[in-house]
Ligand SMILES: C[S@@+](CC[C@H](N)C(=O)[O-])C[C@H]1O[C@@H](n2cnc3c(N)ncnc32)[C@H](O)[C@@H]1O
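First, one chain by itself: the form predicted alone, in C-alpha cells.
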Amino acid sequence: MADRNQAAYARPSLVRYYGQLHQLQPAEQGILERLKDHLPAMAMLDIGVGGGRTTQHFWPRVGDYTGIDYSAEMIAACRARLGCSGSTLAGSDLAAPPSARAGLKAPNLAVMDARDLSAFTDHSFDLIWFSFNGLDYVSHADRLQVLREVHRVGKPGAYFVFSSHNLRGIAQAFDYRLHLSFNPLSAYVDLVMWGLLRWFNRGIQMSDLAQSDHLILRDESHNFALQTYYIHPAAQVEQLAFGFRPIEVYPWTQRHPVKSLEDPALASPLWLYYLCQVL
C-alpha cells in the first residue's frame, strides 16, 4: 500500500498539483490561531510538506522549522517554491512579513519517511504537524509505527496536529440514495462517481462501513489512484490513547472544534483534524 501510494506521489501531475497549493484549510487556520502565541519558541517538524503549502505559513513563525516528505520530487518542488537557497519565499502572497524575514533561518528540508524518524533524537520537537491526511497512505501497522515515532520525537506536552479521513463521512458517499436529485445533470454526475466508487471498492459492503473501526478504500482523489485509510473518529481517539492526550477535533471545513465525538458536524466531512498533546 505505502509503496503504491509513494509512487503515485512522485507523478509529475501530482507534484504540480501540490506545488501550486497555497492556502491553509479552515481547520488549520483555526489551530494556527490557537497556537500562534506559542509558535516563536517552538521547534516544529512538518511531515508530508509536499510542495511547501504549510511551509510558507509556519517557517516564518516558528523558532526552528524542519519539513520532511518521503517523495524526493515533492521536496524538490518545495525547495523550488522557496528559492534555491531556501532562505526566502517567492511571490508577494508567499512572502513572510519583514519582521519575520529579518534574520530568518533557512528551513531544514529533507527526504524522509515518517515511519523512520531515527535521524531525530528523542524529545526533539514542540510541534509536529502532519496535514493533508498523509497518515492515511500507509498500512495500519505502518500507521501505528508513525504514531510511535511521532510520540518518541515529540517533547512531553508537544502538540501533534494531523488530519485523517473520516469513515463516517465516506459511508454517506456509498449510499446511492443520497446522490439522487431533481437535477438530471447533477444526479447523473453524482451517480457516475458513486458507480466508480463502488467499482473500485467492490469488496466493501454497507455493513462493513457501519461496523468497522477503519477500512482501506479507493476514493476519487486523484482519479482513484490512492489507497486510503478511513477511520471512525472514536477509533482514532482510541488509537492515540497509548501516548497522546486528544484535545480537539475539527471538521476540515471549520475553524472551530466540535464539542464531542457525537456532534452531528462529524457525520459528513470526509476528513477531520485532530489536535492532541504528547504525554
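Sequential numbering from 1, following the sequence displayed. Computed from a predicted model, the values in this text were never measured in an experiment.
Although not depicted, the form predicted in complex with this ligand is the subject of the following passage.
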Among 192 to 200, 68 to 76, 153 to 161, 174 to 182, which stretch has residues with heavy atoms no more than 4.5 Å from this ligand in the predicted complex?
68 to 76
Leu109, Leu127, Met112, Leu209: which sits within 4.5 Å of this ligand in the predicted complex by any heavy atom?
Met112
Non-hydrogen atom within 4.5 angstroms of this ligand in the predicted complex for each of Leu21, Gly50 and Val138:
yes
At the 4.5 Å heavy atom threshold, is Tyr9 in contact with this ligand in the predicted complex?
yes
Evaluate Ser131 for contact with this ligand in the predicted complex, applying a 4.5 angstroms cut-off between non-hydrogen atoms, and reply yes or no.
yes
